[in-house]
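In structure tokens, one chain follows: the form predicted on its own.
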């Protein structure tokens, strides 16, 4: 496939680099890292391997990339308004759009903006940081789970999954994209949120505090309730598994904390605001989530 990466932060660079290394024809829309990447390539440090790719197809304008078979959208949800104009030059009949974004609302936004195209959700259960221009560190290999509302599109799903597997990215397929997004919130809501609100701390420090562990569990339990309000079912045992897996990540700084420390807007509405609103509209109160959302809203200036 000819693949376009829109959003070349930690997620876009990591998955794009792995795909290119496996032989895929990958093209990166770059901004602030353009000069560094065109000079030195992309470097990835991961538990299974570390590698560097040169000869990167990098561009400053999506029009220079041209039409692709697959567009991977990994921009922050705070930049969604740019996507209709940004993606259009890369689309042709049959182009698939794959969103790897965090939170709720992105999938619906892309489906509404591009009704003629097949849109997939990719939930990335992974820990990544961009530590320097063109340099990404992976602290937990994790996996990608694909999903779409549309039935009968298994051929396209399998082609994406195969490409990811060839790139040594563990990939699964789900029939319910909304389930995937709520399951991702189970980790993002407490750890991204408390990393900021509890004093700009990494995940290991969150888990070293019995008080904060209690808040993590409480927030996760509320996300389970929120998912149930949408007709979804999350196994409660997932909470213990995620906490155990997070302990293995070491001193990891979640992406929202990184944005906050760099004085960038973090994804306030998609990760905390939208799930809260959807649950409340269904008559379900989530007091811990509401408190965390209100605290983060004070800190997030400007916010989405």
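Predicted model only: the values in this text are computed from it and were never measured. Residue numbers count along the first chain shown, from 1.
Not on display, but discussed next: the form predicted together with a further copy of the same chain.
In plain terms, the part of the chain that comes close to a further copy of the same chain in the predicted bound form, with a heavy atom within 4.5 Å, is 191 to 199 out of 97 to 105, 191 to 199, 223 to 231, 81 to 89. Relative to a further copy of the same chain in the predicted bound form, residues 70, 125 and 161 are all farther than 4.5 Å at every heavy atom. In the predicted bound form, a further copy of the same chain lies farther than 4.5 Å from every heavy atom of residue 1. Residue contact check for residue 210: one or more of its heavy atoms lie within 4.5 Å of a further copy of the same chain in the predicted bound form. In the predicted bound form, residue 287 approaches a further copy of the same chain with a heavy atom inside 4.5 Å. Under a 4.5 angstroms non-hydrogen atom cutoff, a further copy of the same chain in the predicted bound form lacks residue 110 among its neighbouring residues. A heavy atom within 4.5 Å of a further copy of the same chain in the predicted bound form is found for exactly one of 135, 215, 75, 121: 215.
Along 246 to 261, a single residue, 260, places a heavy atom within 4.5 Å of a further copy of the same chain in the predicted bound form.
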